[in-house]
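For reference, the chain that follows is the form predicted alone, supplied as structure tokens.
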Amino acid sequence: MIKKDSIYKGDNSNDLPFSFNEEVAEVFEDMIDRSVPGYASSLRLIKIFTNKYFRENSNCYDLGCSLGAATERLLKATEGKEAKIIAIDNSKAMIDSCNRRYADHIKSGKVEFIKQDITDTKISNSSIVVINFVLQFLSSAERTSLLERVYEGMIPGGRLILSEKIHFDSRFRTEAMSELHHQFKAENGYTEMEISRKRDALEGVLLTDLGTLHFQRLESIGFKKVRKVMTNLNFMTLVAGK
């Protein structure tokens, strides 16, 4: 049973910066589903594009895998095929949970969960790389460096599936979308206090880019056919090829 997120409710909040600790890991499934518009759709898109672009005897990477929701879609999309899925996260709580959840897949050698900073991950022989709402937690320089290594480690025809929270070049549009996002969370049961406390906890931790900057960064690295395949309020999913 999925545990409900009440971290920022009442006296539960400790007013510390947000981190992917054991407390967050316990409620992460509920937290992200109630906080990120289009999250479920982003997972479906991962399966769709993996079905289309995965190549036999290549690797799939889930960078910043958290509890392995994207990894699960990669497993389904590559079922019955020669594939290795490598899932990386720097949170011990997240990796420990994944090791328990996916024990059978780990034993079969189909997937490996590694506790590591994704900025240190070496990408090789990859036809699919997933970065699902993770880049936003890195510095600008780390984002570019990581994407460069992803590009270098992909085989020709490989695909990057990237989902991110964004802001806009219009302050009015950014504020309007932020307000709608606020309402989305309220309709999913979060109180005004919870929304405010979590926003404060994420201040300086989650840093968004302009949507157009994501295109520019990917194209400057060498990615081709960069396409926006989903937008939901101030969140979007891109697919880019090598």
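Counting begins at 1, following the sequence as shown. The model shown is predicted, which means the values in this text are computed figures rather than measured ones.
The form predicted in complex with a small molecule is left out here; the points below concern that form.
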{"property": "4.5 angstroms heavy atom contact with the small molecule in the predicted bound form for residue 126", "result": "no"}
{"property": "4.5 Å heavy atom contact, residue 117 to the small molecule in the predicted bound form", "result": "yes"}
{"property": "Close approach of residue 132 to the small molecule in the predicted bound form, 4.5 Å, heavy atom", "result": "yes"}
{"property": "Contact label in the predicted bound form: residue 60 to the small molecule, heavy atom within 4.5 Å", "result": "no"}
{"property": "Contact segment among 171-179, 47-55, 60-68, 210-218, judged by heavy atoms lying within 4.5 Å of the small molecule in the predicted bound form", "result": "60-68"}
{"property": "Contact test, all of 78, 86 and 160, partner the small molecule in the predicted bound form, heavy atom 4.5 Å", "result": "no"}
